[in-house]
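As a starting point, one isolated chain is supplied in structure tokens, in the form predicted on its own.
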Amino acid sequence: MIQIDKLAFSYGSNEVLKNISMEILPGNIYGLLGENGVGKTTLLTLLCGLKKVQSGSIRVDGRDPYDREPSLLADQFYLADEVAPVHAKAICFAREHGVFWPNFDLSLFSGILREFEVEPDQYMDAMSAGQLKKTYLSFALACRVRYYYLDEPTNGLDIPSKSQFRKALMKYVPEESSIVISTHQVRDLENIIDPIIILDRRDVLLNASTADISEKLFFDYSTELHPDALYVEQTPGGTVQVYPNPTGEESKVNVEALFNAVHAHKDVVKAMFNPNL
């Protein structure tokens, strides 16, 4: 379990995160959403201990990730958006680096890589950007850790590979793992991310499960405009609308429309999901 309490972080005079508090629970795939510059990557690097908290705290199973305890490092994996094209065959890279993760499975790595249609004997610095990304994703999944921090994992993937990634994530990640995925590509992942975290500049606008979101907000795909709509978008078949759901009627959450509704009515949505604030 990850506990974040009144977290703050700045780059010089540029305050990126301020008073961020939340819990990240086992067995969930969290979607971390937000506009450019709101601190999504910064938060991931703080969670994995690459940066030091300046104020407040992060505790991962009661430990400070910045202490870089070997036992915690062996149970987490951070995958950056940009990955290095090292001069090594993929299988050799995996064999040499996998020893740092006790649960790493080399045969699983090879199997996932082949599912991605990449041969393990290929040199990584001769791969396309998409093949390289798939190699690192395969390695991450083969580590079978408790905590995954993935920054824009679908960037560089073609449409079939995005589908393969979603299937691999659901199939190979241990059920008790916590996964935090930072992404702008919400349509690539909206069927698997739950709960959803939406960051604003120095604030958490939303941290809720899709069930809770569906209970409080209704996603309407009809052609008739609703007078209380927080967000309306024209589609080829009509509209997608988001408005308060006083009756708790069930609807399918549209993550992109949710994001836009939250940003258009920040205070309204925060009050709806955090009535005690």
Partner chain sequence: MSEVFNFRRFWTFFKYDLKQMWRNHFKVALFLGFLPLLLYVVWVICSLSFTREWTAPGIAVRAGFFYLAVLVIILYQARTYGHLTDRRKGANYLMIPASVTEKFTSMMVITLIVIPLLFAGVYFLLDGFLSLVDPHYGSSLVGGAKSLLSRFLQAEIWEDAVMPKSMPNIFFVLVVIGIFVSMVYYLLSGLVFKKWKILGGLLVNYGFSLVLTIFAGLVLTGDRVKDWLERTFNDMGDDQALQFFTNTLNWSTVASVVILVALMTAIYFRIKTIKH
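Numbering follows the first chain given and starts at 1. Here the structure is a predicted model, which means the values were calculated and not measured.
Separately, the form predicted in complex with its partner chain exists; it is not shown, and the next lines address it.
A.B. asks: Is it true that Pro70, Asp81 and Trp101, all three, sit within 4.5 Å of its partner chain in the predicted bound form, judged by heavy atoms?
C.D. replies: So, yes: the whole triplet contacts its partner chain.
A.B. asks: Using a 4.5 Å heavy atom cut-off, which of 157-165, 107-115, 192-200, 82-90 contacts its partner chain in the predicted bound form?
C.D. replies: Looking at the other structure, the answer is 82-90.
A.B. asks: So in the predicted bound form, is its partner chain close enough to Ile58 to count as touching (4.5 Å, heavy atoms)?
C.D. replies: Output for Ile58 is no: heavy atoms all beyond 4.5 Å of its partner chain.
A.B. asks: So, Glu96 and its partner chain: in the predicted bound form, are they within 4.5 Å at any heavy atom pair?
C.D. replies: Yes, Glu96 sits close enough to its partner chain in the predicted bound form that at least one of its heavy atoms falls within 4.5 Å.
A.B. asks: May I ask you to state whether Lys52 is within 4.5 Å of its partner chain in the predicted bound form, using heavy atom distances?
C.D. replies: Contact with its partner chain, yes.
A.B. asks: Does any heavy atom of Gln122 come within 4.5 Å of a heavy atom of its partner chain in the predicted bound form?
C.D. replies: No.
A.B. asks: Just one of Met127, Ala74, Val204, Val173 has a heavy atom within 4.5 angstroms of its partner chain in the predicted bound form, so which one?
C.D. replies: Here the answer is residue option Ala74.
A.B. asks: Only one of Thr45, Thr210, Asn28, Asn245 has a non-hydrogen atom within 4.5 angstroms of its partner chain in the predicted bound form; which is it?
C.D. replies: None of the others qualify; the residue that does is Thr45.
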